[in-house]
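Before any questions on how it binds or moves, here is one chain, the form predicted alone, in structure tokens.
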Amino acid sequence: MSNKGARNLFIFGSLFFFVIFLAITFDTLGKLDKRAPEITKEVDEGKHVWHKYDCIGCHTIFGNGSYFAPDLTKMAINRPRSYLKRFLMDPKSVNANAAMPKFGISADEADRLIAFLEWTSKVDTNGWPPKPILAVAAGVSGPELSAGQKIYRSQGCSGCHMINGIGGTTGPELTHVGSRRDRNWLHEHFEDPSKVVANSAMPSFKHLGDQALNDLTDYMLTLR
């Protein structure tokens, strides 16, 4: 190839890929606004609370922050407001072993921070954060899940509870719960947690129906 041909190939090739780059950029920018819900005044105020207490110093959100504590991008998906509010205002009232200190967050600040976390949970993050790669070890994923395991996974129970070292720590560990609790206690706890555990922050799952609660109870009883 002559020098002129090589020069033309470089110039026109560069222009071609530059045009493709512009087209991809334009297409991406056109979709960005559709990937996130509207930012309300309450959400904006919640972000100020997030910065006031330097939450990012321990937690990550959208992949940014520190890794001393759980990622909070999708934290609000499977946790009711009442649970989150209690935890934010006094972590140890929900979990005596919580590492998070009591910052003195007011009820109003907690409401605004929860609004911000609810907003982040609705943002299309293309599957981020990823599910634990060792989920199979916890017995909550795989090709042959029991009915109870499927419910455990679909309800996001691992966000608060740990099984075989996999899951959250805001709720009690369930690795050997089947040897500690009987069927009646477990079923009643799923229906109305506060009835059997005073001041329980866990929401009721009575809306799932008796069959689903029986299946979930069966799964818990296998954990010994």
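Residue numbers run from 1 along the displayed sequence. Take the two forms, find the largest set of C-alpha atoms that superpose within 1.5 Å, and that set is the rigid core. Source: prediction; values computed, not measured.
Keep in mind that the form predicted together with heme C (HEC) is missing from the display, and what follows is about it.
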### Task
Indicate whether the candidate residues 74, 145 and 147 are all in contact with heme C (HEC) in the predicted bound form, with contact defined as any heavy atom within 4.5 Å.
no
### Summary
Among 180, 48, 183, 41, just one has a heavy atom within 4.5 Å of heme C (HEC) in the predicted bound form, namely 180
### Query
Does at least one non-hydrogen atom of residue 115 fall within 4.5 angstroms of heme C (HEC) in the predicted bound form?
no
### Close approach of residue 68 to heme C (HEC) in the predicted bound form, 4.5 Å, heavy atom
yes
### Query
Does the 4.5 Å heavy atom contact test between residue 54 and heme C (HEC) in the predicted bound form come out positive?
yes
### Message
in the predicted bound form, is there a heavy atom of heme C (HEC) that lies within 4.5 Å of any heavy atom of residue 200, even though the partner is absent here?
### Response
yes
### Task
Select from 71-86 the residues with a non-hydrogen atom within 4.5 Å of heme C (HEC) in the predicted bound form and write them out in sequence order.
72, 75, 79, 80, 83, 84
### Task
Return yes or no for residue 149: a CA shift of at least 2 Å between the shown form and the other one, with the rigid core superposed?
no
#### Entry: Flag for residue 84, CA shift 2 Å or larger between the shown form and the other one after aligning core
no
### Query
Any chance the CA of residue 72 moves 2 angstroms or more between the shown form and the other one, core superposed?
yes
